[in-house]
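Here you get one chain, nothing else, as structure tokens; it is the form predicted on its own.
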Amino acid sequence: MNNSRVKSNIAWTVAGILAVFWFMITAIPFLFMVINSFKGQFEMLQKGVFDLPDSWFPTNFIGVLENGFLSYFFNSVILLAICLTILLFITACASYPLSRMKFKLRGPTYALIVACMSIPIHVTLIPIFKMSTVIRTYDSIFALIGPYVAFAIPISCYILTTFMTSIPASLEESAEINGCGKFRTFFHIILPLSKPGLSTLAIYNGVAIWNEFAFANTLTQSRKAQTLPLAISAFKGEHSMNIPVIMSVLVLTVLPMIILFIILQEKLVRGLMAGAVKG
């Protein structure tokens, strides 16, 4: 008994040390951004990067907000809402037959979807750029919806199919006995039970879409269509760079995702754990 307690205490101590170490690795870069976002352009060069600023007045943040930052922010919010709505609907509709129905092409179809995860994003930049110019969606947020949804579908289908497989078949059988068809069973039983998995996909893909740079840089040109990852270049000077201003842009960019994760972290953990054990 004593040996088991000693081993348990050692394990918890090691886990605590690793947790503190990981927290420091993730928190120090954000702390670096916040501290330097309040400094003046030359104050950062005259002091150490982790020295506290002379004034905590948010001059840089006010200047960023007054010079078009909200345009990038609203573009990202609108794009995120549209992409997640389309993505979650398509993924749910595709994952249901792959996980709950038996048909000849289920295996090859699922294998093909999973294989699409291996396609590098960057090899498609030129074809998608030409396609967007042909259909006249270039330099608009609509040019980004297709690539964002298409490249997120494979991993999303893989996760949600695994999750839906864990839902007890007895629930679906009971619904069929009571006269529910496939569509009604999907919308009234399977889909509500898949909310933890859908929440996980929303958070996972939401962060990826929010931070995506390659397609946003290739398919947009003007401020009216550009998203937050491109805001940094807009606040970079032509002959010099105001690092504190850029830090304030980065803080304003990552802050919504941090707040969203804090609010939804319980649902994320539930979604990751719910499909781990078959019920």
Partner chain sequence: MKKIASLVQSRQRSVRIAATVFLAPVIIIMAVFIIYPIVSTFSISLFDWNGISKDREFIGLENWKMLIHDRVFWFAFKNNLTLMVCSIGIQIPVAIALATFLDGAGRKVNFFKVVWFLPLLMSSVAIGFLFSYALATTGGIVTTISQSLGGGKVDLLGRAPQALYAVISVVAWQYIPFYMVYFLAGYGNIDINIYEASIIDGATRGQYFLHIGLPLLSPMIKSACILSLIGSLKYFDLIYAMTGGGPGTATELMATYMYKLSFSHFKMGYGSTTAAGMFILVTGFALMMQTILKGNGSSNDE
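Residue numbers count along the first chain shown, from 1. Rigid core here is just the name for the largest C-alpha set that superposes within 1.5 Å across the two forms. All of these numbers come straight from a predicted model, not from anything done at the bench.
Although not depicted, the form predicted together with its partner chain is the subject of the following passage.
- In the model of the complex, its partner chain sits within 4.5 Å of a heavy atom of Q265.
- At least one heavy atom of T165 is located within 4.5 Å of its partner chain in the model of the complex.
- Remark: L65 does not count among the residues lining its partner chain in the model of the complex, judged by a heavy atom distance of 4.5 Å or less.
- When contacts are judged by a 4.5 Å heavy atom cut-off, N178 does not count as touching its partner chain in the model of the complex.
- In sequence order, P120, H122, V123, T124, L125, I126, P127, I128, M131 are the residues of 120-138 having a heavy atom within 4.5 Å of its partner chain in the model of the complex; the partner itself is omitted from this view.
- Superposed on the core, the two forms barely differ at N217: its CA moves less than 2 Å between this form and the one not shown.
- Positional change of M44 between this form and the one not shown reaches 2 Å or more at the C-alpha, relative to the superposed core.
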